[in-house]
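To begin, one chain is listed below as structure tokens, in the form predicted on its own.
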Amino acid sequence: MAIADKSATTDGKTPGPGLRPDFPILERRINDRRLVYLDNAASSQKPESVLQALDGFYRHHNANVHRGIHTLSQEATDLYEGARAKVAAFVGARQASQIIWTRGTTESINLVAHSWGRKFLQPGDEILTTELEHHSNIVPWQFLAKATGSVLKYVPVPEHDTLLGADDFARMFTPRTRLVALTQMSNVVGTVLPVKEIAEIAHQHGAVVLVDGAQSVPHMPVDVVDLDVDFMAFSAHKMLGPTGVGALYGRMELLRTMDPYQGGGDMIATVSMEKSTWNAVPHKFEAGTPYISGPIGLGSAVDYLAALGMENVQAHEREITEYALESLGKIPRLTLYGPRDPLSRGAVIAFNVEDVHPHDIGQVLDSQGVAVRAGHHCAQPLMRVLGVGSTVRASFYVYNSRDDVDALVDAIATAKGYFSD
């Protein structure tokens, strides 16, 4: 049987409502209403091609990867490593071996903190991050600072627009700055940071740059070589792929100097009673039997996004975001957070309705078939900057449309009516 590695095709489709039939879950009705899924910053839905890739692996090729000499193992290995090559090309990496499979963005960042940070940071060295960050790009550095005696510093975020420029970072550098860890796009307010310019400044100071690409890689063209970053972390489930898998891109010269993250099978070259030696990158960082179907599913998701064209994805989302900002901005007693210019932000909009708790808004919206997120979005430092405990968050993707924005606005009106005096 031929290996089931058919590249996804969108048959000339473009981002928008025409893609809805590709996503079986969007056929569901919630409370007898059309499902309007606006929780994409938390996790995206999956097209039929990704579901088929996952099913096809288990039905036709299921076996462990690497070192097996039988047909199924070789097929599984080809699919697994083929997905690595697809993902590398998608983010502009020069070599497939620069992509390390992880459980997602969080584990990717923890891998760098453990394998690079604990080896190379000294007491008094500085880690620079921002108040915009997801907890996954804060807590690992807190652990690292405590373990190494290094110092964690935050670039402050202006409350009025949450925009950060390269100059905001430049003034924070000292001779002890060793690592800059920043998001490319905020998961709360959508702010997009000028990563390329920041990386140039960081490298002038001899610092390493890690980018949290969880929100950017799924939504805009990303080229790690052009950005000149040292590490980029991202997750499959936010870019049409399965949960529980993600990737870490790393600059090869750094990956070679780093120690393994975990010990066990497949990350070794040799083992004796006295010592062990390590496998080559990336396998040095991939101990044990991996989540094989996950990367295969991610490879199919990358095929789907590449067929759409990431420039088209970004353009579509900007159009939807501009319409949403305009529409939501007309609602009385509704506060929007983050940049107003769609060119300065991604397709994530946080808002609050005066005198109504975000959880109450979210619950009423769900009754109208509109799925949003309510809470602190794993970004409590940013919530404190904004002066709130939580917000409602609507986030858009390739299958969303202006009709979805209209449904959101109508549902908010229903919620306001429900809670009005």
Ligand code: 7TS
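The model shown is predicted, which means the values in this text are computed figures rather than measured ones. Numbering starts at 1 and runs along the sequence shown.
This protein has a second form, the form predicted in complex with the ligand, left out of what is shown; the following refers to that one.
Under a 4.5 angstroms non-hydrogen atom cutoff, the ligand in the predicted complex has His134 among its neighbouring residues. The closest heavy atom approach of Gly104 to the ligand in the predicted complex falls within 4.5 Å.
Contact check for His237: a non-hydrogen atom falls within 4.5 Å of the ligand in the predicted complex. Contact annotation: Leu26 falls outside 4.5 Å of the ligand in the predicted complex, judged by heavy atom distances. Picking from 52-60, 384-392, 359-367, 37-45 the stretch near the ligand in the predicted complex, with a 4.5 Å limit on heavy atoms, gives 37-45. Taking a 4.5 Å heavy atom cutoff to the ligand in the predicted complex, the contact residue among Val189, Ala301, Ala214, Leu210 is Ala214. A heavy atom within 4.5 Å of the ligand in the predicted complex is found for one listed residue only; from Val87, Ala113, Leu179, Met185, this is Met185.
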